[in-house]
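Okay, so here's just one chain, in structure tokens, the form predicted alone.
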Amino acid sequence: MSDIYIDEVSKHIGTEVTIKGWLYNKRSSGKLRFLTFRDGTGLLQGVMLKGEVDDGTFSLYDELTQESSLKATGIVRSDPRAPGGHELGIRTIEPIQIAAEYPITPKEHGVAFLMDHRHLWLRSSKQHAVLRVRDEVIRACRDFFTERGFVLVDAPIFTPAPSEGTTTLFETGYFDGKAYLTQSGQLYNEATAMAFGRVYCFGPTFRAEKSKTRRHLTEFWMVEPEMAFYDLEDTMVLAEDFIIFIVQRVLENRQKELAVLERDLEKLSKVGKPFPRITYGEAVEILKDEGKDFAWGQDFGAKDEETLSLRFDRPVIIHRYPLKCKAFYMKTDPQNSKLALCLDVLAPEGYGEIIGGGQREDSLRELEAKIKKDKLPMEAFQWYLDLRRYGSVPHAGFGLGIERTVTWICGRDHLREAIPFPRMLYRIYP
């Protein structure tokens, strides 16, 4: 007899095994009692027949409550009618803890209730599936860059100055001074790219945005590559390859989870080359064609991105936004001084931006002028300006939001389901 995980049962047909886990649900049909177990790797149906187990084991059925922890020992059998195609012919059950009445039931619950019980909601099948897909997305990100010779060099969480503007900073005390929670690892990535050529960082980022939309969190995770000697065209090609790689990995390895989420796989299967590419100006014309009152020079809001992304059956790359819409580090388009050499990638089906990036300003004089124009503290950026003093080269990069990507791939309605414990404007519990 051996202890195994549920996802290993197919290797143990006809043998006696022990499963350690929790009671997912149960049902009775007279002398036949069914108990479904979960252990984090899957679900397994256990079957007890009166007379085939002792009376004490049979009567335990009445004591066991949803989410009670236990050990179940029995013979693994093939059964195409059972979840996963296998079942456990139970011989003994050993309760570890009889759970109190479980607050999350099959009935409908409100979002606030489920978020207050997020620590338990994670156990439900759909939430479990979403976070399995998140795990696959993260592993795909790491594999993509490792296979292409990128070096992982993580950026700091505490920073002395903003990277994305001063209005969304979380400020914190730092001994006798103050610091800010990072909005992006990009500026530090530029330094490491000058040392290693091609790098990426992966970690949490923070934006104090007073937004309650389905597309915003105050704490979220980004993977951010930065590449020396890349221009905007190189970066668009890399972003396209990156997204296709992630989607293909999920389709290959997470079919079961996507089925639980009832995701339309046909839509995901269309994510291939080439991605449509349109300029900011062309995107504005699309909005006008859709009857939107949109003036050239504005940045796109969530509704605008939704409208644009619904025009395409795969991600769309929008490039060359007005310079005034973008952060100080974006390089000016040499063909049009009003534009920046930047890109956003919008996911289809109305999900909007999942990637933002572009070519960085590599001229010391131009960068100093942009810092002054934005009234940022020049002294805080001396190290960043050094990158333009000592061997400056054309370079570019982007950031991909993990939660936005997972939300799109899983077909969910809100980012709060794409991270284990979401932090939002009015949500910091649990």
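Small disclaimer: the values here were computed from a predicted structure and weren't measured. The first residue of the shown sequence is 1; numbering continues from there.
Keep in mind the form predicted in complex with the RNA is missing from the figure; the text below concerns it.
Taking the partner from the other structure, the RNA in the predicted complex has a heavy atom within 4.5 Å of a heavy atom of Arg77.
Taking the partner from elsewhere, Ser337 is found to have every heavy atom lying beyond 4.5 Å of the RNA in the predicted complex. The RNA in the predicted complex is approached by Arg416, whose closest heavy atom lies within 4.5 angstroms of it. Taking the partner from elsewhere, Gly397 is found to have every heavy atom lying beyond 4.5 Å of the RNA in the predicted complex. For the options Val271, Ala191, Ala82, Ala228, the residue carrying a heavy atom within 4.5 angstroms of the RNA in the predicted complex is Ala82. Contact with the RNA in the predicted complex, judged by any heavy atom within 4.5 Å, is made by just one of Asp333, Glu87, Glu240, Glu257: Glu87. Annotated contact segment (heavy atom within 4.5 Å of the RNA in the predicted complex): 348 to 356, selected among 170 to 178, 242 to 250, 348 to 356, 122 to 130. Contacts between 104 to 119 and the RNA, taken as any heavy atom within 4.5 Å in the predicted complex, involve Thr105, Pro106, Lys107, Glu108, His109, Gly110, Ala112, Phe113.
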